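The chain below stands alone and is given in structure tokens; this is the form predicted alone.
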């Protein structure tokens, strides 16, 4: 590492203002910060040290996503790898271009977006659609608002929502039956050439026909779905890690899952023939994945603890309403987008109530 550090120190002048490669200085800084800690130092007191900077925060989220990545490789095969690579390449390119235009450092935020996005897509999604959706999500969902830390919406969800609305036929017919046994589909590459022979319905589609198997859904056995949303067990492993490291706020997660299960349980009690049990919806689709990895985004979610409860309840209720009373079998992405829109208003309401209470005191 010392040799690498010396190389960076030697070539750094050509990226400074007036240097030959000054135009791509943000790209150089991103690579340097990825390999080493940022070199910026405070010149005077007071000094402070935060153990959870952006790079460490994003690293924790990536570690939390690894169980879902491993599960997706086992269930759906080697095609997962090029989908992740294409996501990183296209979204990263958009990020670099805007950083160079703005002459600002490249933030590490895309490290998470680039991994989450392919995990919320059907296994047989064409690679060109992966590239298009990721580029659209980063551009419209983040860069238009000013980049990392300023985005109103979760970029990954914006990209997936675009693909669902622009290419509904492909996004609703690219489901693959998961592999099983010792190796699963680890040695297979699912392509558009053989997708027709193994296409199957998602658990939410099967719910329309009364097929319910919560044990299989919890493990991910023989249940189709998006890459990272198939196994509730793997989602729990990564999600609990985020809660223990305090990267994800438990209030948001508990309020989303709790409100969704309670609301669905009420509907099931009223009409058990039409509505599935609350626990069934907990393991089906992207409810759990979205609650742990997307709704907890600190930028697009409320900053107040009271607001996180309201935000989570809003998302949990909306996702159940969409699943049961609309033409879409999965409503988590739309629910989170609506929650993102309401997040600033929720925080404003909380601040207003706090100020009134302080005045009364």
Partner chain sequence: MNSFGYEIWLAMVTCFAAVFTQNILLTTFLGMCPFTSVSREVKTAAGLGGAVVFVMTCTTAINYWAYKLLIYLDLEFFRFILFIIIIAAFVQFVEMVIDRYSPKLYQSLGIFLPLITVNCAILGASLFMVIREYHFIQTIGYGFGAGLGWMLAILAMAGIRTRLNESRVPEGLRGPGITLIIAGLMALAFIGFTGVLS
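Residue numbers count along the first chain shown, from 1. Bear in mind that the values here come from a model prediction, so they are computed numbers and not experimental data.
Although not depicted, the form predicted in complex with the partner chain is the subject of the following passage.
**Q** Can you confirm whether 150, 328 and 338, the three residues that make up this candidate site, all sit within 4.5 Å of the partner chain in the model of the complex, judged by heavy atoms?
**A** The answer is yes; 150, 328 and 338 each reach the partner chain.
**Q** 151-159, 84-92, 278-286, 251-259: which one contacts the partner chain in the model of the complex at 4.5 Å, heavy atom to heavy atom?
**A** Within 4.5 Å of the partner lies stretch 151-159.
**Q** Indicate whether the partner chain has at least one heavy atom within 4.5 Å of a heavy atom of residue 62 in the model of the complex.
**A** Output for residue 62 is no: heavy atoms all beyond 4.5 Å of the partner chain.
**Q** Is residue 353 one of the residues lying within 4.5 Å of the partner chain in the model of the complex, judged by heavy atom distances?
**A** Judged by the heavy-atom cut-off of 4.5 Å, residue 353 is well away from the partner chain in the model of the complex.
**Q** Flag residue 16 as yes or no: does it have a non-hydrogen atom within 4.5 angstroms of any non-hydrogen atom of the partner chain in the model of the complex?
**A** No, residue 16 stays farther than 4.5 Å from the partner chain in the model of the complex.
**Q** Just checking whether residue 127 would be counted as a contact of the partner chain in the model of the complex - the rule being heavy atoms within 4.5 angstroms.
**A** Output for residue 127 is no: heavy atoms all beyond 4.5 Å of the partner chain.
**Q** Exactly one of 97, 165, 266, 233 has a non-hydrogen atom within 4.5 Å of the partner chain in the model of the complex; which residue is it?
**A** By the 4.5 Å heavy-atom cutoff, the listed residue in contact is 165.
**Q** Using the arrangement in the model of the complex, list in sequence order the residues of 224-261 with any heavy atom within 4.5 angstroms of the partner chain.
**A** Going through 224-261 in order - heavy atoms within 4.5 Å of the partner chain in the model of the complex - there are no hits.
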